[in-house]
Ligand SMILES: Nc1ncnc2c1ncn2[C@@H]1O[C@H](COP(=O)(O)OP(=O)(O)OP(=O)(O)O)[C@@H](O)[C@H]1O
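Below sits a lone chain in structure tokens, taken as the form predicted alone.
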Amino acid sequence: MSRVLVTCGAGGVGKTTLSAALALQLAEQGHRVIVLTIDPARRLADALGITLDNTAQRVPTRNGELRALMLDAKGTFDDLVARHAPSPEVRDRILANHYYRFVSERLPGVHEYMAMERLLALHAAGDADVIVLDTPPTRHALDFLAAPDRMAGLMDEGVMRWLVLPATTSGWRMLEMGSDVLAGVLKRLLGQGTIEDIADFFAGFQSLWSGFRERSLAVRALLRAPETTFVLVTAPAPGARAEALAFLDVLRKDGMPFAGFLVNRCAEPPPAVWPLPSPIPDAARWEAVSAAVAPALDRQRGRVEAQELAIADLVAHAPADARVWRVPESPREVHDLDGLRELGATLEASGAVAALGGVS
């Protein structure tokens, strides 16, 4: 059974890079790993040095197996319709419908729900030891977490039965319950053709409702299952910490399994002994150098102290068993596989890879 690791966090804290590094490190330990991003910014593709689409692409590794893909919401929706439509005629009717094109591309929440469908399909395939899910920045990730419940509610028979096409193609059954004036206003606003497209869409889609509801409930269960864990990527900066705590509240209220925090770009403490012993005979010159450097070291100590207070605040709000893994700031940007391997080694040394990967 695949383990699911969901990485969440504010924008700009390095979440996508850390997700890729975790996935690569696990793969090169000999595991089969899939990393899926639902963030359309394409940073994961840049880091892995490949072109990503809705099909899992192999990433060159020294050991194990790593596949990566980026969600294509429209393609995922089309695949669902093609797989679950009761007949080729119903499939073609839905895919050709103008309103379906709007729903599958621009309806609010469809991107997040299709991400859930993609995750469920990857998990059901059972051909990976670990699935690393890189979510978008916090605010959009909250929509992602809510998507299964929203879809299950929408697909509830008590809601959807009002949208079924009546015996004629004059409009929705819901319009039959209202006045001719309401029907006339809607037709003037939307157009008779649009009304018929929408009605026809719901008529064709009716046969898929129960399947969508069942899969929504299955995703909801998967996000709370023992094989799933959430990790919050954050930074010592106040804004990132505040978003992490807000997200943590949502995870706690929804009963999501939470492992801990990956605190990125942590400052390293300065040397414990200062001034350092003089390496040159000219002690006076060395004292001058020491005096010039000392203020920078004081600032570094201040950064570390503020950082540790921020981390202590995170821990105070987290469950008792939540862990913290510190990721030191790097002097250079990570933009290729070698950089990801170096970062992965750091994560391994911190204990994060073993704890979050959950594989032996």
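Predicted, not measured: the structure shown is a model, and the values here were computed from it. Start at 1 with the first residue shown and count on from there.
One more form of this protein exists, namely the form predicted together with the named molecule; it is left out here, but the text below deals with it.
Asks: Is the named molecule close enough to G11, K15 and P328 in the model of the complex that each of the three has a heavy atom within 4.5 Å of it?
Replies: Judged in the model of the complex, G11, K15 and P328 all sit within 4.5 Å of the named molecule.
Asks: Using a 4.5 Å heavy atom cut-off, which residue among A318, L69, V334, L48 comes into contact with the named molecule in the model of the complex?
Replies: So the residue touching the named molecule in the model of the complex, by this definition, is V334.
Asks: Among P137, P270, P257, G211, which has at least one heavy atom within 4.5 Å of the named molecule in the model of the complex?
Replies: None of the other options qualify; the answer is P137.
Asks: Just to confirm the contact call: exactly one of 244-252, 73-81, 213-221, 260-268 touches the named molecule in the model of the complex at a 4.5 Å heavy atom cutoff, so which is it?
Replies: Looking at the partner contacts, the answer comes out as 260-268.
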